[in-house]
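Below you'll find only one chain, the form predicted alone, shown as structure tokens.
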Amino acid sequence: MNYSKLDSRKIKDIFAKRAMFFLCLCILSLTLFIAVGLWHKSAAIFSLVSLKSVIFSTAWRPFSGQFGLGGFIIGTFWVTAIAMLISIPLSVLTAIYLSEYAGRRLRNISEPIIDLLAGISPVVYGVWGVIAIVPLVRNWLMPFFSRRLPFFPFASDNFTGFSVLSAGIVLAVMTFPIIISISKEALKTVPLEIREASLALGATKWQTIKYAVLKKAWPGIIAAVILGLSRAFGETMAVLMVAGCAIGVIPKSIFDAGYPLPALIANTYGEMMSVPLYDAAILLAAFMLLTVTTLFNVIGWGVLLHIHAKES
């Protein structure tokens, strides 16, 4: 036996393993490096204001040294919540239909269309929102709710149509492909024997899906929702074009204008060099956006681990 060749193969295997581990560690460390860099650049603002006042204050007057991000945080959560309330049920039900009910021909037609929706540029979605969704909200939805539910929090003094509802609808459409595709793949992983056993016991098609298939595919569906939520929370251009972006306006209705954090960063980044601490405030907003997105993912993975632990 040639021991020199055997030793050389072992050395190559060890080198390849350690090299891939190092490269994997570099990729996984990018989030930490980005977070540390943003925090380091934004820490200068705390020489003027406290973190509490930055988060909870709604006064955004950089020329006067007031950098309250509260209004932008509220706008971000409004838009994201509306998007997910629209997107989650429609996407999951669509994935169930395509996976369990639709014929092969319809599935073959729908998959390229879903992939096409995922590949459309956010700017195109924003233009579509301006020419289609904003008039729909202004001319149809706002008058409908204002006449029939005048005391409900749908009423608003904003009659332009540029609102958190418009931004939420556009974001919901943008998250459809992610949630549908991943949910459909999760449903496909459920063994056929589970469906056949449920049907053999006398369950209907819907009962089989509800009590057998969804129970097994639930972790994958949760992962799909998490990815859709991350996409909606961090989207910039489409939201910037349809949300209204009115500084100092706190949304109290779905028809009010909003100013999410991603839109603030994109809209004001070029102005920050001329005002003291403006750059620190904008980078702090970016750090907060990264932190919340990471927190959502950690919570989601915690749910997935809990579900896997219960199943095992």
Partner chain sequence: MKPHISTKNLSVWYGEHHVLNNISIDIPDKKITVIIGPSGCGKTTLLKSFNRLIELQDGVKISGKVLLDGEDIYDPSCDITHLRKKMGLLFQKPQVLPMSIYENVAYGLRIHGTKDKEELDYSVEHYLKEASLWNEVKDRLNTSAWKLSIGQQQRLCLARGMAIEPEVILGDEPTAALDPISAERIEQRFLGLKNKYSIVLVTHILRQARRLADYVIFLYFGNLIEHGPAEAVFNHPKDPRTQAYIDGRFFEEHTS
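Every value quoted in this text rests on a predicted model; they were computed, and no experiment measured them. Positions refer to the first chain, counted from 1.
Separately, the form predicted in complex with its partner chain exists; it is not shown, and the next lines address it.
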Among 193, 197 and 211, does every residue place a heavy atom within 4.5 Å of its partner chain in the model of the complex? yes
Exercise: residue 113 in contact with its partner chain in the model of the complex, heavy atom 4.5 Å: no
Could you confirm whether residue 146 comes within 4.5 Å of its partner chain in the model of the complex, counting heavy atoms only? no
Given that its partner chain is not shown alongside this chain, does residue 202 nevertheless sit within 4.5 Å of it in the model of the complex, heavy atom to heavy atom? yes
Find out whether any non-hydrogen atom of residue 107 is located within 4.5 angstroms of its partner chain in the model of the complex, and reply yes or no. yes
Picking from 207, 121, 189, 139, the single residue whose non-hydrogen atoms come within 4.5 angstroms of its partner chain in the model of the complex is 207
Among 82-90, 67-75, 215-223, 162-170, the region lying within 4.5 Å of its partner chain in the model of the complex by heavy atom distance: 215-223
